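Just one chain follows, in the form predicted on its own, and it is written as structure tokens.
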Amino acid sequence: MRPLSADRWLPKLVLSPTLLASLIFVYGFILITIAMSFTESRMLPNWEWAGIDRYVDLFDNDRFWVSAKNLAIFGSLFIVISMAVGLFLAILLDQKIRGEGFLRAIYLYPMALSFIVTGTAWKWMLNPGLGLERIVQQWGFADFTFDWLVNPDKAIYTVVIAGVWQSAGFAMALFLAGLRGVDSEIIKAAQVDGATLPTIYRRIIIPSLRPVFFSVALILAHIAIKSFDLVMALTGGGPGTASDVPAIFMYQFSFSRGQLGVGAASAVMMLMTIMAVMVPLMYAEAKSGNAR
């Protein structure tokens, strides 16, 4: 038997610490969290079996359903608007306009900021006493109001605004890469046949970006479901629980209210939500790939 050459075992040796760390600190903790959701854990882990009691407590908690509703509102608007704005910006930049590199850097700049910074900045801008409302009133429009940040019925939409501002540039970058990968000969042939530019984009280019749409939707859905720092910095989940989301619910019940079991159950439900989004998308993409 020939000994393994260095080019075969060296990559495995280099990657093994990362693989081991992932198994322990990602999948290992996922299993621990799932196990804890079936226990009597309160302030500290308690491995006494409780069955589905923690899930019953979770589903009986009105605040959990408020956070789930807010996630549905935020997630759907955040994903759709970010993709629409990103695609629009990508199409504009795809026209080979002057200063494209400068504009691309401006659009991508928000992604260089953390969600804490984004939330803090937008909290100042949307503050009725300091930001947009006060500035417009000082310009002479005394009746102008924009109190979404402190309005329980509108607070969740301020999170959407801040989230789209930060993530639309990322969607733009992915869409632009997809647009630049479209075969130019197809576009030229369509132009020879008399197709207008909007028709070319609507009938040929945009449908060919299906894998990009899949990737962007998957990443944005993941960002939306695990949103924590943006909401905490911008609204803190308030006013009251008006902009509460499952990530904040999980954190506060686990570490502030001493209900680790309920917090673990909510974390498991967040994982199930991610899987409910990812699995159908991945199945649909794999099915369409096989069909092609």
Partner chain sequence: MNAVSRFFLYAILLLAALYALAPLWVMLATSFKSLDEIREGSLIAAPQAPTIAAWGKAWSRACTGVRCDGLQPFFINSLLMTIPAVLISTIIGALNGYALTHWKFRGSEVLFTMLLLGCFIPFQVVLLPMARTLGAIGFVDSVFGLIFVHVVYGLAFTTLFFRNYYIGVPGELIKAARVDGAGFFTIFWRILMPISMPIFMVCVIWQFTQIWNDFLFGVVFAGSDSQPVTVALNNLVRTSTGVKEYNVDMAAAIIAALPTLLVYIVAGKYFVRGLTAGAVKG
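Positions refer to the first chain, counted from 1. Nothing here was measured: the structure is a model prediction, and the numbers come from that model. By rigid core we mean the largest C-alpha set that fits within 1.5 Å across both forms.
Keep in mind the form predicted together with the partner chain is missing from the figure; the text below concerns it.
Judged by heavy atoms within 4.5 Å of the partner chain in the model of the complex, the contact stretch among the candidates 184-192, 73-81, 107-115, 148-156 is 107-115.
Interface membership of R203, defined by any non-hydrogen atom within 4.5 Å of the partner chain in the model of the complex, is ruled out. Not displayed here, the partner chain is approached by P45 to within 4.5 Å at the level of heavy atoms in the model of the complex.
The partner chain is not shown here, and in the model of the complex it never comes within 4.5 Å of any heavy atom of F141. Mapping the unseen interface onto this chain, P280 falls outside it, with no heavy atom inside 4.5 Å of the partner chain in the model of the complex. For the stretch 74-101, the set of residues having any non-hydrogen atom within 4.5 angstroms of the partner chain in the model of the complex comprises F88, L89, L92, L93, Q95, K96, I97, R98, in sequence order.
Core-superposed comparison between this form and the one not shown: the CA of G28 exceeds or equals a 2 Å shift. Superposition on the rigid core between this form and the one not shown places the CA atom of P280 less than 2 Å from its counterpart.
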